[in-house]
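Only one chain is included here, represented as structure tokens and corresponding to the form predicted alone.
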Amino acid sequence: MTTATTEHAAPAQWRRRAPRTELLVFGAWVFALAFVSWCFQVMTAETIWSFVTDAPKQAADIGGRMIPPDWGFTRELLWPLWETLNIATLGTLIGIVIATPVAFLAARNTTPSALFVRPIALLIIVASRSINSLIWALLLVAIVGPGPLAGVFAIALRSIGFIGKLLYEAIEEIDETQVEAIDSTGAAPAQVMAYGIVPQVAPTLAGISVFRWDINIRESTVLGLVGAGGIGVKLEAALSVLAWPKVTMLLIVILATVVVSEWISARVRQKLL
């Protein structure tokens, strides 16, 4: 019978920093505080502080005007809400169709050319992720005109980068032994892709797509503020005439829609992953 020996670690000892290190740390803190103070002064240079101090009173006044909600306004929101759901869904589907091949071109283990094709695919992903959907909507409203079509394209262009990035990272992390096993049977490249790679990333793609759809529901609710259709058009109209009871009703409908979409997304992703 063998006995294990237990070594007791020596108690930690406090050690004072060297004077030079202490000076560097103190100087770093002073510089950081000075930089934050300077940034605060720059950002608040044009702030009218009388408005800031009066903000609680104004917020209470607007809050009082928002209650009670205009429940009768709900009937007018059904079609804009349906538009919003369609904008999010169609935009997500278009984003999936475009992002999937882009992700395969961006992944190191599936790209046909790491020198030329992969940088282009990564550029598409980065460009899509760098521009917010609201900015895409502004550009597209100027190009294709106001309406839901601009919103669909804005959601799609934004979704390409999100889906493409997560998917190509998942492709790079697949189990290569399964791919090598299929390749060793003499399978064609298309067969290796279909039976060795796609089955491994399909659940991940489904989860990413549902998650992105949930995000797009939220983003599509505000695209109407710039004329891209959906329930945001009603919100912009209510805000422009200071119809606060209608604004309250709009916020309630948007909140309920987001909560339902979040619940659906969570349940679907729980089943898939």
Partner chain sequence: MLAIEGLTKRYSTGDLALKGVTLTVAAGEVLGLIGPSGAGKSTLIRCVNRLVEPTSGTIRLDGVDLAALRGARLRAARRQIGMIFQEYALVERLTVMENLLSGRLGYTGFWASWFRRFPATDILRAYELLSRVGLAGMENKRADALSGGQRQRVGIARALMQDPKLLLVDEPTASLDPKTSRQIMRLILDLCRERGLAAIVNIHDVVLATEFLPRIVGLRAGEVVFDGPAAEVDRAVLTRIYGDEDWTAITQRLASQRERRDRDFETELEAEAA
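None of these values were measured; they are calculated from a predicted model. Numbering follows the first chain given and starts at 1.
The same protein also exists as the form predicted together with the partner chain; that form is not shown, yet it is the one meant from here on.
Looking at A181, you'd find a heavy atom of it within 4.5 angstroms of the partner chain in the model of the complex. Proximity of P119 to the partner chain in the model of the complex falls outside the 4.5 Å heavy atom cutoff. For the chain shown alone, I174 is not a contact residue for the partner chain in the model of the complex, no non-hydrogen atom being within 4.5 angstroms. Heavy atoms of P146 never reach within 4.5 Å of the partner chain in the model of the complex, leaving it off the interface.
With the partner chain left out of view, the stretch that reaches within 4.5 Å of it through heavy atoms in the model of the complex is, among 107 to 115, 192 to 200, 73 to 81, 164 to 172, 192 to 200. In terms of contact with the partner chain in the model of the complex, the residue from A142, V97, A188, L123 that brings a heavy atom within 4.5 Å is A188.
Contacts of stretch 62 to 86 with the partner chain in the model of the complex, defined by any heavy atom lying within 4.5 Å, are made by none of its residues.
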